[in-house]
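Heads up, what comes next is one protein chain in two forms, each shown on its own as structure tokens, labelled structure 1 and structure 2.
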Structure 1
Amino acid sequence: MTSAAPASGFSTYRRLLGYTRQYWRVLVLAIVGMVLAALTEVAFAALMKPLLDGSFVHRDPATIHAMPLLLLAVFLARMIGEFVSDYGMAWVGRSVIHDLKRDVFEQVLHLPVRFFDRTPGGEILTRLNYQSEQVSEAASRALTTLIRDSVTVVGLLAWMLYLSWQLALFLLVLTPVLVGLVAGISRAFRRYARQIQASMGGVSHVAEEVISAHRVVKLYNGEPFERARFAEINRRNFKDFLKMQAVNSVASPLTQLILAIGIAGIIWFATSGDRMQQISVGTFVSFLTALSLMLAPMKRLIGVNAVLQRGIAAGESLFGLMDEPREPDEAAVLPALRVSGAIRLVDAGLRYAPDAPWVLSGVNLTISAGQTVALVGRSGAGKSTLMAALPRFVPLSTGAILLDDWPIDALSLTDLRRQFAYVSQDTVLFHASVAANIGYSDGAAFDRARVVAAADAAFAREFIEALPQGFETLVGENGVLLSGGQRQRLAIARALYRDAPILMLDEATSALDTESERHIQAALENLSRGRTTLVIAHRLSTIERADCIVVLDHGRVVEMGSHAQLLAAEGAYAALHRLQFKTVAALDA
């Protein structure tokens, strides 16, 4: 592991560099700007010598005239250099962030359902949002430091050597001490910064949970617990911040003190013995200027490894996500295929992980086109899983599923999924208008008339038209301004709009009152004519008219037949039915 880390760090770096390739012209321009800006620092220090010796000591008229102009020229060059390098690096950096986000998002669109099952959504979001920024920011900061600051330091050192090699040599002995001290301070500073970041994460995590689960917190009187939990994290955050501030407040004067010690040392060295006579005022001030200009870039050069490491860590996690295997989709694309809706499961078996228990096993099922088939069984029997296997949300572990004699693996995912409309157990609405939610399968190009028709069929039109902006009303991220039953009807309308040969309804009417359920049932019966319909319902009254009822238990088909047949068979279904009928009778009494 440890031996692999540098190699993977390097490959991460190379991969990131690949993203800049396309922008190399701007990058080169920015680098030229950096070098120019660095050289102006050296020029500024160098100007000190003629300024003092020529203008003030010798009162040389030519120097006196040239000085202001030269100074202006240096600062003008510096301004140009800084602008070109800053703007150029920002340009390249933002372009890389843009491209990284595009690629991560594309990857997210292709990740298998299983990945989302085991990865918290927040984590994916973090990678998309922050890590792509961080990686590019770290890289551009590191590059700027490596080029601009090292040119500055080397240039200033060369100038100092030229001025007085004795002074420069003395400085070379002193420098490691100064730099070591400064590095120690910034290391301590970084350590606290990291701690604070961690406890900041804690603060928002607790707050986020309380905000999204506010009803649970209120009902279960979780306030004292949450208050204590938050207080603890908040207090730690407060203390860490103060510690960081202490380090911060000490760091800057301390750095200055160290610098002063260095300068004092140099003054002492320059004025002791007969060196006084050899070194002019200009040389001395120019030397000191160069020294003070060198300190900040040196500090950054020492810290550049930390910046790089941070960027590489973010890059590894980002590229880790990009390298996650996508949903397998090798099959050929068949143009405009529409199956008739016959479904056959042959010895289908499924488990979610190689060492997990079988959720479906030995399922053999033949559904003719246009049939309505109901899946019933206890909670956890595998009903939703069976539905999820059809559009390849989860892959079968054994056996096969055929649509019109096409094995589902032989179809491309797009072709396969075009055959289904699906209402899941938990309703998902997008933060968009009601109409856009219903017409989702056509994206932005949905057909208004068909949206209204679908809403009509799903018994949703009445309440939609009563909304403030009707079909244009925005529904919240979770459709918060709608009731559970209203959301379900929107989901049904979305499925009806799709007009696919196979309709799958997983507890699609569970949140509806008996009255609306009956209405929708009638509408579904109309719509399911000519298309295969798979229904999961716990309320058995809603599926009595299905062509075939399949009873699942522990992933196996235990009974199959029409309502009448199964009642007559006196098996599991009859028992379930009796139980529900009794409950209903008891409720009515």
Structure 2
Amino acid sequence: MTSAAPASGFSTYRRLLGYTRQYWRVLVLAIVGMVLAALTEVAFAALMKPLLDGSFVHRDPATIHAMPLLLLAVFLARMIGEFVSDYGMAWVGRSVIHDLKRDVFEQVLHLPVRFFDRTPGGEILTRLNYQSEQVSEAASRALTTLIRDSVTVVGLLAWMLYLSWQLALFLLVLTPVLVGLVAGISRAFRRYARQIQASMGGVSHVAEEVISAHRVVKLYNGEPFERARFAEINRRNFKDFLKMQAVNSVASPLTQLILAIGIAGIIWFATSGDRMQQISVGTFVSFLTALSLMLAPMKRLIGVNAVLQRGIAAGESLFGLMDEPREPDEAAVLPALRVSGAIRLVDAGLRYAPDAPWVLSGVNLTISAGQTVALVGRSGAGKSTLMAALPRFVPLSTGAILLDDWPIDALSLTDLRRQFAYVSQDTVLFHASVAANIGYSDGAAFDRARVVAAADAAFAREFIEALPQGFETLVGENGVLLSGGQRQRLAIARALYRDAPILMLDEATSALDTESERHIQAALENLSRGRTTLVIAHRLSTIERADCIVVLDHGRVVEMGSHAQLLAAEGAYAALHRLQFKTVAALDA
């Protein structure tokens, strides 16, 4: 998939955090819990000074009695703060995932057909599932660590400065070194995270292809090839993860080594000369306690960088998908209407890029309402593209298409596509009931009586009622539980239920046996009365009774007329007809 240059990590993360804005009440409560939990770390270090100086050195009775209660209070506050912050951020994180998946799926629903032509389905699924989870980690767990551990570190550092600014100075000197280390690690993390996103998409794509084409793989003994292809992309994904883990594994020990240098310097400074007389036992132990308590949050702050950079890389990928231009659907000039079915193409031309060849060129065609028009021609002649241009699946580059003398751009996409019903040679069914598949155009509010009537007209009712739950039977993914002919009849029933003024049939009877095809042809002929029917036909015997046959070649209309007229003209159609029937005769022989 081509994409724009990635945005900066800051802008991506800021956009990501925008998803938490509507949950600000829970987020604020969670942040309060984080701050409370962080301050208990500081409080525990601070209690070391009175605990040692007051209880063991001066043996102050008030301090001795107060210390157990204060310690309990600190840990009780810590328990409450951690629960509020952990549960609150988990709630916000899952809410962000929910909203992101909703927005990404909504975007996918409105992307143009050409986007799906150039983008593997596995890559889209990876963005919807894996990458949204990575983004949630950056929005919840990483944010928790950033806030809570940053407050802890700052609070402990402030306490150490209060106890002895000379000792704390050793740590402050190391700050630029740590900042530089984190910056370098961040760049490496994000680079490897992007590579992981890409390789994960490849893994999903290869697996999805094998699953969907498992019969072809088995029949052609494609297992070795697919095994090698998957092994290569899986190995690349494995290496990318190890590279990131190597950076992650070296980051924490290196940080601790730098801090250990600071601790060694502090101990040397505090125990040299007469400074031992200037610093009390309680002060020194409290300082070292604060320093030791600071190591864990510092380690987490370095470690969270991996999560943060993975989330930012995933966010770049997700937002790249969400920023893809949608199908253009300007405000409709016309109100919702039902056209009569008259179609006119005026100098229609189409190509997919300025330097690409013309798929359609100078097509002029007038179809009266109620006509049955067949589109024929060799493979690549432009038949499917012409049909796809009618509901604006692909936009014209030049010329115009009119329905009832209205440009199709004057209708909203919803109103325009309501004028069409479609049956393709590649039957598409959804993992839902038979009734829901037939009444798909009305969603969950389909009319049961119309569903049954459509099934009757498609000669599908008999086999439907023989299914275990009749019309409520689930058909399986893409109708896998049905035969090819049964799937095709359900698709035809769906088109019948649609009751649109224009029917588009792409070899709609290709998967039917001879007896079923005879019944379906009769049903389609009855349905086409008063409706415009466009038929892409590869078997010329199925379109001999069409009102008009349009012959396309290299995107141009080269012939037009009835079956008898075109045969008599001895042109392109007659040549196709002779070639096809010679082939059939040879096969029969």
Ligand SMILES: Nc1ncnc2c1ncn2[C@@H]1O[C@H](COP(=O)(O)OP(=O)(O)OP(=O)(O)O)[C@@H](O)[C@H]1O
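Heads up, when I say rigid core I mean the largest set of C-alphas that superpose within 1.5 Å between the two forms. Small disclaimer: the values here were computed from a predicted structure and weren't measured. Residue positions are counted from 1 along structure 1's sequence.
Matching each structure to its source, the form predicted on its own turns out to be structure 2. Relative to the superposed rigid core, the position of the CA of residue 439 differs between structures 1 and 2 by less than 2 Å. After superposing the rigid core, the Cα of residue 292 is displaced by 2 Å or more between structures 1 and 2. For residue 159, the Cα coordinates differ by 2 angstroms or more between structures 1 and 2 after the core has been superposed.
Superposing the rigid core and comparing between structures 1 and 2 gives a CA shift of 4.1 Å at residue 44.
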